[in-house]
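A lone chain, given as structure tokens: the form predicted on its own.
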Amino acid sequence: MSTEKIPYKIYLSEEELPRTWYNVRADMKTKPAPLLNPGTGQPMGYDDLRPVFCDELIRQELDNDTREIPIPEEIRDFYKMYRPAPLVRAYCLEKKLGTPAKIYYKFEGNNTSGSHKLNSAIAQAYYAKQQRLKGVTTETGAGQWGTALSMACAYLGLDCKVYMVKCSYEQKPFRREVMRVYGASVTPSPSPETEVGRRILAEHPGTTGSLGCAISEAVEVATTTPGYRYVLGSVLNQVLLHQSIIGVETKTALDKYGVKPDIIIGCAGGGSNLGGLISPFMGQKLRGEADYRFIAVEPASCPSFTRGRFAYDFCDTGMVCPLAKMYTLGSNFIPSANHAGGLRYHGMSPVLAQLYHDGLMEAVAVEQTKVFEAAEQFARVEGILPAPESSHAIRVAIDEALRCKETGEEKTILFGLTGTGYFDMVAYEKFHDGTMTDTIPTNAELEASFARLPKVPGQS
């Protein structure tokens, strides 16, 4: 089909909204390693996880075999407020770059939370409500996840307690206020309100916090408050499952026009956006039906894939969570206060970590000044102010398109535009004022963190 017939925005109808989530684990030859009990070193089952997570979410977390999982009608009805999300052909960007490449992006910012996070937030809140819980606790980095969860909880009448990474709490006060509009309580993390928060503050005085710190506090509160459970916005298998709606919609839209991407790119912090976007395409690759090149893009200040270790580690800084096998910088590693708060996590989704370890995808780390150069370039021609997290994918998409310009190849590039950057103006201000810096951890800093990885049988 000729490119002239492909619209600038491809919209699916509400009837085409996916009815099932796709579980990529069902097609993985090597399944992600199980969560381990840090005390015994043994795999954790349903009963072990019940004090922390909602019952149905545990079943989804542990299900490595069911390929299609039905989306409850109440969740689908909520999705219809902002889904299906548009797939955009970046004609303006292509023209500006002078590239023969064809560029598409899936735009997930058309909701008040400003990102893809609402896809899993409503699912997790729904299952908490079904279990008759009073409320949930969580962490948030840049604030998109906390905002999404507060929206979902408000819709379903649940209490929502959010622990927000301290540097983001200070850099993004208006994101905090949106959460409060939706009824959530928001606490800067690490805080003196919890035992683990006090411990982290004693060990790291003046720390700007990290997602690992905030997770520790949220888990402590969930497990010590009757009627509450903890929910997580990334990393876990269940979250990648819910986010697969991004990829399923994207593939449906591309299939309508006979388009097959050559390169699929996503930013990577914990893995929710990247995992959701690539899931159905990765499924095809795993089944031998098609081949794609997948690129995970992470900040050079927090390079889990490109400089991390594939090992069992705590999911949180306070070491109160289960052990997960993932690419990690060490749970004690606290990244510099870069402006892509949603990517400031020391580890990576066990699903994506296994796929990367098996050579099924690539990873690249980029400095934040180059990321903001790409963000501004994109905003000026495509008319959307992108979130700093999403702009990591934009950076590499532009780089790949320029490479096509050099070689003359007409490759099709797809990337995930996970959200908008309207609450990130402090970051844009620092970029424009020339005060933004690139902080990259030294090998010595990383080795010191690796030395504190937990001792697990079979792990050197």
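Computed from a prediction, not measured in an experiment: that's the story for all the values here. One rule holds for the numbers: they count along the sequence shown, beginning at 1.
Separately, the form predicted in complex with another copy of the chain exists; it is not shown, and the next lines address it.
- The three marked residues, 111, 174 and 383, each reach another copy of the chain in the model of the complex, with a heavy atom inside 4.5 Å.
- Taking a 4.5 Å heavy atom cutoff to another copy of the chain in the model of the complex, the contact residue among 300, 154, 374, 360 is 154.
- With the partner omitted from this view, the residue of 260, 180, 198, 134 that lies near another copy of the chain in the model of the complex is 180 [heavy atom within 4.5 Å].
- Shown alone here, residue 83 lies within 4.5 Å of another copy of the chain in the model of the complex, counting heavy atoms only.
- Of the heavy atoms in residue 432, some are within 4.5 Å of another copy of the chain in the model of the complex.
- Within 4.5 Å of some heavy atom of another copy of the chain in the model of the complex lies at least one heavy atom of residue 422.
- At a distance threshold of 4.5 angstroms between non-hydrogen atoms, residue 402 is out of contact with another copy of the chain in the model of the complex.
- With the partner left out here, another copy of the chain still marks one of 64-72, 50-58, 408-416, 422-430 in the model of the complex; by a 4.5 Å heavy atom cut-off that stretch is 422-430.
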